[in-house]
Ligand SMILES: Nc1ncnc2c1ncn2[C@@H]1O[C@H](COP(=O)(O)OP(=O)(O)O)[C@@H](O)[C@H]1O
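The data below hold one chain only, encoded as structure tokens and taken in the form predicted on its own.
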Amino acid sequence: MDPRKDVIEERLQGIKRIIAITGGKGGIGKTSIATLLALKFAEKHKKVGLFDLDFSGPSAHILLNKKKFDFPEEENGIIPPTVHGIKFMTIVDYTKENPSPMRGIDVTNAILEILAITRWDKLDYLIIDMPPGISDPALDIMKMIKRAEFIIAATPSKISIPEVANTIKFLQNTKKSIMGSVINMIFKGSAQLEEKLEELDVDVLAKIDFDEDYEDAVGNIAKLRQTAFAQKIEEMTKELPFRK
């Protein structure tokens, strides 16, 4: 048995709640939801961490406008740097935005390593930006972080609904805790997704219209916090699943 698995359990002991943002595919707002959720908790003076584990396309650092990628400080493990009040860890700290092509066991080893060496200490919340769907990296993370609660990011596109449904069914079949879903980029015809979520017994935590001002706010924290997207996430944090 790989001893790093036991180390991961120790690293996560001081964290009260672990919330993982997942979804059927990329480009649906996972990173935006994860990053804004972390920012909103930080505004409430909560101790919060943000872990960008989307190996296929890490981008939380772009939203946070983190441009300096020095190797994180080491002291009995890697200490995540604090960015806008958030303990923030990303694979980009190591790759420096260069390609990181990995396959199979190499991906599993990389995930094991970064989970085992990262020292979070005590947190109220750790927010995880997951790899898309039920890919190998996503399955590895689900297996290694057993007490994660999941928020499903989804868009109403007819193309994405089947993948969202498959992700939810997998989480349900493996007895994972699903907090609910965030519907992003709502447009005419969005009712079909809501019907599917109701059929699967998944609550809708927030419904977010397409926000024309959002792109201009990326990388500008002051603007980002004022977007309609951010306001919806703020409202969402007042819902019952977050008050456990």
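These figures come from a predicted structure and were not determined experimentally. Residue numbers here begin at 1 and follow the sequence given.
Keep in mind that the form predicted together with the ligand is not shown, yet the notes after this line are about it.
Shown alone here, I105 lies farther than 4.5 Å from the ligand in the predicted bound form, counting heavy atoms only. At a distance threshold of 4.5 angstroms between non-hydrogen atoms, G180 is out of contact with the ligand in the predicted bound form. Although the partner is absent here, I208 sits close enough that one of its heavy atoms falls within 4.5 Å of the ligand in the predicted bound form.
Although the partner is absent here, E215 sits close enough that one of its heavy atoms falls within 4.5 Å of the ligand in the predicted bound form. Checking L193, L64, I28, L37 against the ligand in the predicted bound form, a heavy atom within 4.5 Å turns up for just one residue: I28. Each of S32, I159 and F229 comes within 4.5 Å of the ligand in the predicted bound form, counting any heavy atom. Per the 4.5 Å heavy atom criterion, the ligand in the predicted bound form is contacted by stretch 215-223, the sole one of 215-223, 172-180, 193-201, 43-51. Scanning 107-122 for heavy atoms within 4.5 Å of the ligand in the predicted bound form gives no residues at all.
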